[in-house]
Ligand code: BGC
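Quick setup: one chain, the form predicted on its own, written in structure tokens, and binding and motion questions come after.
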Amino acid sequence: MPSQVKFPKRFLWGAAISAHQTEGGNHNQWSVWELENAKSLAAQAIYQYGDLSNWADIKPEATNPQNYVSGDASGHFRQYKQDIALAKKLNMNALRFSVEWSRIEPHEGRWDATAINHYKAYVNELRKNDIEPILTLFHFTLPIWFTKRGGFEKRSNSRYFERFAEKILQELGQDITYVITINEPEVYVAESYFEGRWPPAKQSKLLGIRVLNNLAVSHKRVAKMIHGMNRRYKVSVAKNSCYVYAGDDAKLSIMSAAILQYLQDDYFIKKIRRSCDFLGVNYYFSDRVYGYRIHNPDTNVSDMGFDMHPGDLEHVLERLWHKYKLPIMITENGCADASDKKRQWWLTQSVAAIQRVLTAGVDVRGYLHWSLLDNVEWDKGRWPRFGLIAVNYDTMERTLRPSAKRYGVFLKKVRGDHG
């Protein structure tokens, strides 16, 4: 991996996970939805994924209803000390994780002391291993009582999210600096309200836009509250971004790409930029536009069929920096690659892109690879393998993939004396 450019001394190198995808044993709106939809998701798998080149490999899992039930997930709730030790072994100095609201407040207004103590011990374990904890408050999962109240469909419900955030910062705050309020707001809205594929599985553009706007309001209220507690906290969102570009010189293609880029990034960021201390950026793919349609080359795709252009991270970072002048942390970046044949290339290209923008003066503060562990990939289940660490779901055994070992060697070198 490239390392000619000297990275800032305090640069954060690590990985990211989310609670529901890794912990196991959660009871929230997602776990209920999984049980209700597992059979239909398995039956639809051939129509959803049958044209993927790796269909023969994923078919046994993708057509099995149990694949879509998170259950024990990756066993991270019980095995977090082992997983953190592996992150330390890989020379990481940062880990992004989420706190599961449904554990902390399983019933409205009733805090679970055992769950709170678990996350206290979790953060303490990170600190003991010199790993910076990067806290996420909302990563797609919600308490059932909150969704029965209408979830983020009602702006007045943001007070419950604010109350949860305040409780978490009161309990964990002395060991926390970085807080991500909301993960990928547009993805949540698109999948849950535009397409209706995720819970609450409603198809309404109008309702989806309302939820998106309410998420922006919720972020701003929580950010104001957190900054009021202590200005040392650094608050942002994890903003899903992609590089949208015209595939030809046609005016329609250029205009469509500009509109799609605005909707992808700027509509939401403009609402929340003044309440952010930095900008969290999740990058997985680019979109090529011809006319008013997205038509990607698809010459090199991930196991999920994503057209892979890791080097385009450079364009994403440059655009966001020049437009908003906020320091940037890459809060997710990775590829589904069960064979581990492309992950090393992805990492190398991503790091090279960061080096190029650092040289150009872009203020990048960290890189967090998705994901530390293999995990349950929402409505797709266990077959997409994003982990630097492979998980045997039968035994919960952990194995460092070759790409992870190479990443660890690179981190040891690049962090140098301050590692």
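The numbering used is simple: start at 1 and walk along the sequence shown. This structure is a prediction, so every number in the text was calculated from the model and none was measured.
What comes next is about the form predicted together with beta-D-glucopyranose, which does not appear here.
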item: Partner-proximal stretch of 177 to 185, 213 to 221, 200 to 208, 295 to 303 relative to beta-D-glucopyranose in the predicted bound form, 4.5 angstroms, heavy atom; value: 177 to 185
item: Partner contact for residue 386 in the predicted bound form: beta-D-glucopyranose, 4.5 angstroms, heavy atom; value: yes
item: 4.5 angstroms heavy atom contact with beta-D-glucopyranose in the predicted bound form for residue 49; value: no
item: Any non-hydrogen atom of residue 378 within 4.5 angstroms of beta-D-glucopyranose in the predicted bound form; value: yes
item: Contact flag, residue 332 vs beta-D-glucopyranose in the predicted bound form, heavy atom cut 4.5 Å; value: yes
item: Residue (of 118, 139, 315, 103) lying close to beta-D-glucopyranose in the predicted bound form, criterion heavy atoms within 4.5 Å; value: 139
item: Position in contact with beta-D-glucopyranose when the complex is considered in the predicted bound form, options 160, 321, 80, 284, heavy atoms within 4.5 Å; value: 284
item: Neighbours of beta-D-glucopyranose in the predicted bound form among 336 to 374 [non-hydrogen atom within 4.5 angstroms]; value: 370
